[in-house]
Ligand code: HEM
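Below, in structure tokens: the form predicted on its own, a single chain.
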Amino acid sequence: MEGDVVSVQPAGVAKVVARLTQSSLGLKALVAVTGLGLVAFAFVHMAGHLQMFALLGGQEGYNQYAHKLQSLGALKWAARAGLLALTLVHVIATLKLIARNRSARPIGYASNHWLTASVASQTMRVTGPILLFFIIYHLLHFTALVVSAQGYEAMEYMLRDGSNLVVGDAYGRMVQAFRDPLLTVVYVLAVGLLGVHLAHGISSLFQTLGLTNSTYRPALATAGPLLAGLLTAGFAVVPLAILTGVIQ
């Protein structure tokens, strides 16, 4: 009996994976679920950055926040691995859908709905790869400290919480980075592209997951652009505040 259970489980998992990766519906579900996870992470990440404002924590609060994240040990790496997995599945499933859409010709439709969908899809195809390259650069800059200025990784800060613990000055690094107008402009443009990408992506996510109906469709149609706008503003306000001297 135990042998039967062990032999059936891998086959069952393989069937589920095959259905998700071989059908357009399954691929759309993968894109939607992974996209939902990435959007949730983006909001948490944005909330962390907003702590740079004095009213929300300032240098002390932001450096404590950054230090706590770095102190998570194995949990930190598990979260990073999970985010990497979400991103890879999202990108691969999206590329497979794009390949399938290219092989299907929108001929014989009585309306031009396909044209609207194609324009939105083309926008996603452009913003997606650009955002991927920006995310890689962002990680090399602020996480790996590979492309940072000389001495950037050595910036330190002593916490004033009574522990006198010396930690990396994540606040100081952000301020130094976004005092550069060129970097700030590039960053703001990138989060603008993120907003464009999510405005369509979040609305599509609701539809793919079957959360839309005649009652909620109008509200959910505006939810994508609204949430995308909040993320864009939340990510852009910090570098702009640093460049203009509000955060220093």
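All residue numbers refer to positions in the sequence shown, first residue = 1. Computed from a predicted structure; not experimentally measured.
Although it is not shown, the form predicted together with the named molecule is what the next lines describe.
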Query raised in the report: Would you say all of Gln70, Ala144 and Arg173 touch the named molecule in the predicted bound form, counting a heavy atom within 4.5 Å as a touch?
Result: no
Requested in this report: Answer yes if any heavy atom of Gly82 is within 4.5 Å of a heavy atom of the named molecule in the predicted bound form; otherwise answer no.
Outcome: no
Report task. Could you confirm whether Ala42 comes within 4.5 Å of the named molecule in the predicted bound form, counting heavy atoms only? Result -> yes
Report task. Using the partner position in the predicted bound form, report whether Gly128 sits within 4.5 Å of the named molecule, counting heavy atoms only. Result -> yes
**Report entry** Touches the named molecule in the predicted bound form: Val91 (any heavy atom, 4.5 Å)
**Finding:** yes
Query - Partner-proximal stretch of 180-188, 218-226, 55-63, 195-203 relative to the named molecule in the predicted bound form, 4.5 angstroms, heavy atom - result: 195-203
Requested in this report: With the named molecule left out of view, choose which of Leu139, Met155, Leu132, Leu165 has a non-hydrogen atom within 4.5 angstroms of it in the predicted bound form.
Outcome: Leu132
